[in-house]
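We begin with a single chain expressed as structure tokens, specifically the form predicted on its own.
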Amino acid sequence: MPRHIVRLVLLMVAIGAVGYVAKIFFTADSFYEYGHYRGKSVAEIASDKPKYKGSEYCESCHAERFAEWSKGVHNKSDIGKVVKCEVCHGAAGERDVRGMFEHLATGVDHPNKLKLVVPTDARKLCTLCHEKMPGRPAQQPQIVVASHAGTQQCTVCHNPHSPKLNLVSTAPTPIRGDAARGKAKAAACVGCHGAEGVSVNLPGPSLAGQNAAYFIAALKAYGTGARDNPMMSAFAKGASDDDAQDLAAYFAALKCQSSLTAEKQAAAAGRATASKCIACHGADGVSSNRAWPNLVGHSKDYLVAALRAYKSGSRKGNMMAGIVKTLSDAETENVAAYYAGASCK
């Protein structure tokens, strides 16, 4: 046999021998114990610390947020909508990595040392699921980002832990006040807000039918200085909690039905701009939430002034400030004219 063939055969035998020895040396003793895998790996994986702890892990420290999430739309497994805490905030566990295939359950856990992420740009996060695109499930709310909110953060209008639009309860707020006492006290309000709470060509907004919770909150804001108006601030500082309750009971009981019918809404010039407001204040000026104001009966001048105050920051309100900051003067006039058409009838 030629010498080069002999050398080739010997080389192949040597390679095979080295491979066999390497196989014996590197193969774990438990390999093939229960099949074509390493038997001890099951116990090792089972004993390894989980990277994701689950939302229940967060409950003890964040009970309020957990309650919001657990009752909200992000925790509806029956309709396939489950967004757990760690989807947005990152894993609550961490593993040390020393080498390839080496599992070590020695990493730190939150809250001991590990800092979880608090998203600062909700638009990038929320639109991963809610940006409108072909093929996305129809039951998942979808938006066209540019026309829906522009550069506004989602958290201006939505609670991230329970992202329905209504950030506060729509349940009726118990009114302790007495409407009869409130009527007597409301005599001081007639000059700006009109008889029976309907302001017609007067400087103040109509208060007839106004939501009691909003009325009380607004009066309190004037008293604390969160809202600035010389006349209202002076009145609010002199009003007691009982006065606020009585006035709220009186004005909430007054009748004010919107005259802004569906036909008028469709024909109104400011309808396009008003689409940004309808979800909270209603297409006919009647709010969907009792903690937010009805716009029925407000004059155009009052609405323009209020919108400009939110835009300048002289009137506080994170949600309103976020919505009006992109409104042009023409859009402000248009939306004010639209809701000014929602007069009481």
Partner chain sequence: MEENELEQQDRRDFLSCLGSALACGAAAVAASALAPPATAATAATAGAKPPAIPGYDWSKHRWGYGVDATKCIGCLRCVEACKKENNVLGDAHHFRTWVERYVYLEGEETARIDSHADPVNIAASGSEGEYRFADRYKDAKVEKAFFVPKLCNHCTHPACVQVCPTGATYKTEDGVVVIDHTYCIGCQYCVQACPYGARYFDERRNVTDKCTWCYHRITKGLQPACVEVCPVGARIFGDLNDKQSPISQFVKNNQVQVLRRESGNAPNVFYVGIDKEVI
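The structure displayed is predicted, hence computed values, not measured ones. Each form is matched to the other, and the largest set of C-alpha atoms that superpose within 1.5 Å is called the rigid core. Residue numbers count along the first chain shown, from 1.
Here the subject shifts to the form predicted together with the partner chain, a form of this protein not shown in this document.
Given that the partner is absent here, state which listed stretch (298 to 306, 278 to 286, 41 to 49, 62 to 70) has heavy atoms within 4.5 Å of the partner chain in the model of the complex. Every other range fails; the passing one is 41 to 49.
Answer with one of Ala146, Leu128, Val118, Ala180: the residue that has a non-hydrogen atom within 4.5 Å of the partner chain in the model of the complex. Spelling it out, the residue with a heavy atom inside the cut-off is Leu128.
Using a 4.5 Å cut on heavy atoms, which of Lys220, Arg271, Lys132, Arg176 is close to the partner chain in the model of the complex? The option sitting close enough to the partner is Lys132.
Might Gly317 be said to contact the partner chain in the model of the complex, defining contact as any heavy atom within 4.5 Å? No, Gly317 sits far enough from the partner chain in the model of the complex that none of its heavy atoms falls within 4.5 Å.
Taking the shortest heavy atom distance, is Gly238 within 4.5 Å of the partner chain in the model of the complex? No, Gly238 is distant from the partner.
Please run the contact check for Gly313 against the partner chain in the model of the complex: heavy atoms, 4.5 angstroms, yes or no? Flag for Gly313 set to no.
Should Gln139 be counted as a contact of the partner chain in the model of the complex, where contact means heavy atoms within 4.5 Å? Heavy-atom contact with the partner chain at 4.5 Å: present for Gln139.
Does superposing the core leave Gly72 with a CA shift of 2 Å or more between the shown form and the other one? No, because once the rigid core is superposed, the C-alpha of Gly72 moves less than 2 Å between the shown form and the other one.
When the two forms are laid on each other by their rigid core, does Ser288 show a Cα shift of 2 Å or more between the shown form and the other one? After core superposition, the C-alpha of Ser288 moves less than 2 Å between the shown form and the other one.
Do you see a C-alpha shift of 2 Å or more at Val42 between the shown form and the other one, with the core held fixed? It does, since the Val42 C-alpha is displaced 2 Å or more between the shown form and the other one after the core fit.
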